[in-house]
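Shown next as structure tokens: one chain only, the form predicted alone.
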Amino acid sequence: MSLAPLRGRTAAAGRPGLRGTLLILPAVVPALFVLGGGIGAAVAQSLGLLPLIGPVRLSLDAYTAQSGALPVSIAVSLGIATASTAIAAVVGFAAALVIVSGRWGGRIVAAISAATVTMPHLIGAAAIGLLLADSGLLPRLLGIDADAWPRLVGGPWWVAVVAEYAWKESAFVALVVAGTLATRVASFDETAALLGAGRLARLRFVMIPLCLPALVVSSTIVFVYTLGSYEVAWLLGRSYPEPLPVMALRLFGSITLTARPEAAAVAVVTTAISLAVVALAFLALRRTALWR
């Protein structure tokens, strides 16, 4: 049996993938150049290979200089990012189910989500601060005295910071998951319903498997963004301990030039954690049924 037709079909099937790769190269190559250059410069500066003052000397002094505060900052950043991502994923998934239900309430939720995504985090942080502070709108509406109101802004549990990230990023998760479900949920859901599946069975065996890849990808984006974002934690959080991006920004703006390598070291640690989370998410994505 000749293999010529099979080879022809294989080559024809590979052309769309090659064409797609060539089409995205003009956008990917500059992004990789800028990203690689930034990470490379931060690594070199943190290792003493790109000093602002003094001789070039390979060392880990920038990493050990903050050895006392750095582990605490890593724990705080991971706690904020994990809590924000978990709440955003649950709320976003529920909102996506409402959006794809086709009812009038779904259109309202979609419009609110679209308006929330376009709002800058800085404005969202100011709104959450005005709402949850001890002299804010919520304790006034509830008639609770400022002394009896819990410290939601600047408190020990970073409630206002987590609430802001969860609110904003749940809208992002909802739109991504709803966009994935919109093209396929109707036929699968109707087929399962015709076969006698109830609502819980359709949710477990149809909805969740269909949206799992989009949910993993969007949650990973939310986690990495929350881990590296500083403005919300800077406005609504405590002065100590500092999350990683707040520490990096403080060290970078220090009048002491020797603190610049320490800021670069904190940025490198943040990048390493983000890449590790992306790698874990990619491995989890490969285990989903839709990927296989």
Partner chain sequence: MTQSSLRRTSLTRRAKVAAAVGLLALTGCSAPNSEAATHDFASWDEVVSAAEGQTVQLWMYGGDQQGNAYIDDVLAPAVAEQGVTLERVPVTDTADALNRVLSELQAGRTADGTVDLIWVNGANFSTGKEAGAWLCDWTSLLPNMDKTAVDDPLLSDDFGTPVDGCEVPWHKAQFTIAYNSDIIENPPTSLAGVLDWARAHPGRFTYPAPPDFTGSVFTRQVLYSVSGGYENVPLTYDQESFDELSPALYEKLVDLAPSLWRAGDTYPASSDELNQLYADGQVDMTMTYGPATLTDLVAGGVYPAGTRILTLDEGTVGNASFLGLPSNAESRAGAMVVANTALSVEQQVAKADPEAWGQFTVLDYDSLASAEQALFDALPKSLVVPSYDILSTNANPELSAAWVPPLDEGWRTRVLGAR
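Residue numbers count along the first chain shown, from 1. Quantities reported herein were computed from a predicted structural model and do not represent experimental measurements. In this text, the rigid core denotes the largest set of C-alpha atoms whose superposition between the two forms falls within 1.5 Å.
Another form, the form predicted in complex with its partner chain, is not on view; read the next lines as being about it.
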property: Non-hydrogen atom within 4.5 angstroms of its partner chain in the model of the complex for each of G54, G253 and T256; result: yes
property: One stretch from 263 to 271, 222 to 230, 41 to 49, 57 to 65 that, in the model of the complex, holds residues within 4.5 Å of its partner chain by heavy atom; result: 41 to 49
property: One residue of G179, G154, G129, G106 in contact with its partner chain, assessed in the model of the complex (non-hydrogen atom, 4.5 angstroms); result: G154
property: P26 within 4.5 Å of its partner chain in the model of the complex, heavy atoms; result: no
property: Stretch 19 to 41 - residues with a heavy atom within 4.5 Å of its partner chain in the model of the complex; result: F33, G36, G37, G40, A41
property: Rigid core fit then A276 CA moved by 2 Å or more between the shown form and the other one; result: no
